[in-house]
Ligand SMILES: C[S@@+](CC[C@H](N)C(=O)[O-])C[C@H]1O[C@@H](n2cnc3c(N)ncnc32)[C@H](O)[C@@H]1O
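Coming up is one lone chain in structure tokens, specifically the form predicted alone.
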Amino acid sequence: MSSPRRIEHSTRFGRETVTPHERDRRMRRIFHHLAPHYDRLCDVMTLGLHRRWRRTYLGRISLEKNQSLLDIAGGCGETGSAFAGPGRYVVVLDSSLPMLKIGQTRRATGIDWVAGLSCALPFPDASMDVVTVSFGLRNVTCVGATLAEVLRVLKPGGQFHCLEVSNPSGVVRPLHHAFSRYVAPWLGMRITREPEAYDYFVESVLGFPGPREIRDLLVRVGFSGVRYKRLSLGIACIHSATRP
């Protein structure tokens, strides 16, 4: 199995070394400023590909009537709103109050909006049928603790699904790195004037581990049936796992 050091980035913020508390504080500050621009930023940073990735991702998630779904780092509720409906319990959890407030004004009824940290989920053991996270795993401060909390709140047989950026291989890799480091920040700065945010996002994308390392961590935490699917030549990846 791979080393967890690249995944456990609780003392890294971009290229800086910080305390976990300081990292959490900076993340809240970034999303406070970027919340109104988030949808446009996703379009810029992925050239619109995130919409296709999300459709594929949502198609792999099954939520039956009378089941519950928790979306971690759920932001404005893009994932949660896709499953909200009669007879379903859907919760969107995020540490950013501005993101949650925007979601409450946009999204369908039938969602509970909760402010909280993914490494200390405010839910009982074995209370959720499905837990999801999309483009949020690299932003949480303690990845291992978050995944352990996911395992705790899932019911036996419950499903975990994660959509996240990844590192492509082969000829795509240098092109992806060049776009992420030079082109995307320049485009993003034309939308909002937050240089610290773009420095962080570039480093978080380029420094995030590959799918095999995430797979190994999920197995180490205690998940079974761990699998992944690369998207767009490996630029993004869907990870899925089950609580035994």
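What you see is a predicted model, and the numbers here were worked out from it, not measured in a lab. One rule holds for the numbers: they count along the sequence shown, beginning at 1.
The same protein also exists as the form predicted in complex with the ligand; that form is not shown, yet it is the one meant from here on.
Engineer: For the three residues Trp53, Leu58 and Ser81, which mark the spot I'm curious about, does each lie within 4.5 Å of the ligand in the predicted bound form through at least one heavy atom?
Structural biologist: No, the candidate spot makes no contact with the ligand.
Engineer: Applying a 4.5 Å heavy atom distance criterion, does Leu117 contact the ligand in the predicted bound form?
Structural biologist: Yes, Leu117 lies within 4.5 Å of the ligand in the predicted bound form.
Engineer: Does any part of Ser127 reach within 4.5 Å of the ligand in the predicted bound form? Heavy atoms only, please.
Structural biologist: Flag for Ser127 set to no.
Engineer: Under a 4.5 Å heavy atom criterion, is Gly158 part of the interface with the ligand in the predicted bound form?
Structural biologist: It does not: once the ligand is placed as it appears in the predicted bound form, Gly158 has no heavy atom within 4.5 Å of it.
Engineer: If we define contact as a non-hydrogen atom of the residue within 4.5 angstroms of the partner, is Asn139 a contact of the ligand in the predicted bound form?
Structural biologist: Flag for Asn139 set to yes.
Engineer: Using heavy atoms only and a 4.5 Å cut-off, determine which of Ile111, Leu154, Val165, Leu93 is in contact with the ligand in the predicted bound form.
Structural biologist: Checked against the cut-off, the match is Leu93.
Engineer: Here the chain is shown alone; which of Ala184, Leu49, Leu41, Met27 has a heavy atom within 4.5 Å of the ligand in the predicted bound form?
Structural biologist: Only one option qualifies, and that one is Met27.
Engineer: Among 60 to 68, 30 to 38, 215 to 223, 173 to 181, which stretch sits within 4.5 Å of the ligand in the predicted bound form, heavy atoms only?
Structural biologist: Going through the listed ranges, the match is 30 to 38.
Engineer: Given a 4.5 Å distance limit between heavy atoms, list every residue of 156 to 176 close to the ligand in the predicted bound form, or none if there are none.
Structural biologist: Counting only heavy atoms within 4.5 Å of the ligand in the predicted bound form, no residue of 156 to 176 makes contact.
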